[in-house]
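Given next, in structure tokens, is a single chain: the form predicted alone.
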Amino acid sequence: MDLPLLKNAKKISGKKFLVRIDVNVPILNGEVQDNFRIKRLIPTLSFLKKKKGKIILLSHHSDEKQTLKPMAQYLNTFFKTSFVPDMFAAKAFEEEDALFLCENLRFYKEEEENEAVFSEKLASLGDIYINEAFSVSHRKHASVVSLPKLLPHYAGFLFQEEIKNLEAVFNPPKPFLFILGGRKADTKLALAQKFIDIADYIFIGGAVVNNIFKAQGYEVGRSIVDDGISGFENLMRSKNIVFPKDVVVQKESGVVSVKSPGEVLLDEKILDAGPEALNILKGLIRSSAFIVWNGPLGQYEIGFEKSTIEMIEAFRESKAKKVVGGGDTIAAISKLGDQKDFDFISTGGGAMLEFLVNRTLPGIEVLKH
């Protein structure tokens, strides 16, 4: 993909770099709980530090009341970092030899509204714009799609790495296995449609498959399903789409059992893939040369983690190239596995899914011009 890359930028020393990053990470009692996204920023920030300019970092947090001060404190363990509560204050960026992390962009309603005057105010803070937030580049927000139109702009190192690894999914080594779990059934079923002729096998699990079971006429009881999803009937007929042959269910009373999808009762909830389904998936993992995974197979966060743990163990033994992504997926790996067992872990959740559906994102398209 032809984009202006930061690594190729000329004559940028001494400039004011306006860098859109994503430090939307869990915070508990004022402490960063997951440093995955933050640590991935280090190569770009190290590169910019050598250019002897000012580095102004812009980010949001999905909790619109959450300050970014804890993220600044965490970044300060790598680089001298100054937290800026008001980016538009007259002397906000006077400190020498520091990175500046500005307050949560979601504190400004104009950010999500992609408001033109707000974009111009942001642009006045810097000389050069760098997108290092692939994970939010599916959002048509001011700092993603309007700000780069107002300044010379580049894709950062992580942004470039994301595109390179996700582009490979469209022309993968064979056999190619796609594993879709978790939630977001509308996007993930659209993704299965997109890759039905590219992937050798697509295993659909997690809460996503509940929508398939319901469409097949099975009782899904209290299971998570999405309303208004249709148009995926061909997935039920395709020979390369694999659904769990058995599932783990829990009654309202708390009793847990393993059943076929057609045996689920009204008072039961599907919470994990069953042992037969897992054995089939393990066989597919062993025989694959390339694997993409997005979304856990069960609700591991409430104790239904067996299938996801065993799948991760199968990944560890596989020689396939493994590309994974999604917030729940990364959280599951952090809790149940080891990031070193994967060739590439995308920082994107929704952005990864939308890129794989559309092969581009709004934040990518704006960088092309």
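These numbers come from a predicted model, not from an experiment. Numbering starts at 1 and runs along the sequence shown.
Below, we turn to the form predicted together with ligand 3PG, even though it does not appear here.
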query: Listed residue (46, 339, 62, 33) with a non-hydrogen atom within 4.5 angstroms of ligand 3PG in the predicted complex; finding: 62
query: The unique member of 282, 245, 222, 106 whose heavy atoms fall within 4.5 Å of ligand 3PG in the predicted complex; finding: 106
query: Contact label in the predicted complex: residue 138 to ligand 3PG, heavy atom within 4.5 Å; finding: yes
query: 4.5 angstroms heavy atom contact with ligand 3PG in the predicted complex for residue 37; finding: yes
query: Proximity to ligand 3PG in the predicted complex (heavy atom, within 4.5 Å), stretch among 129-137, 272-280, 199-207, 292-300; finding: 129-137
query: Those residues of 1-33 which, in the predicted complex, come within 4.5 Å of ligand 3PG by heavy atom; finding: 22, 24
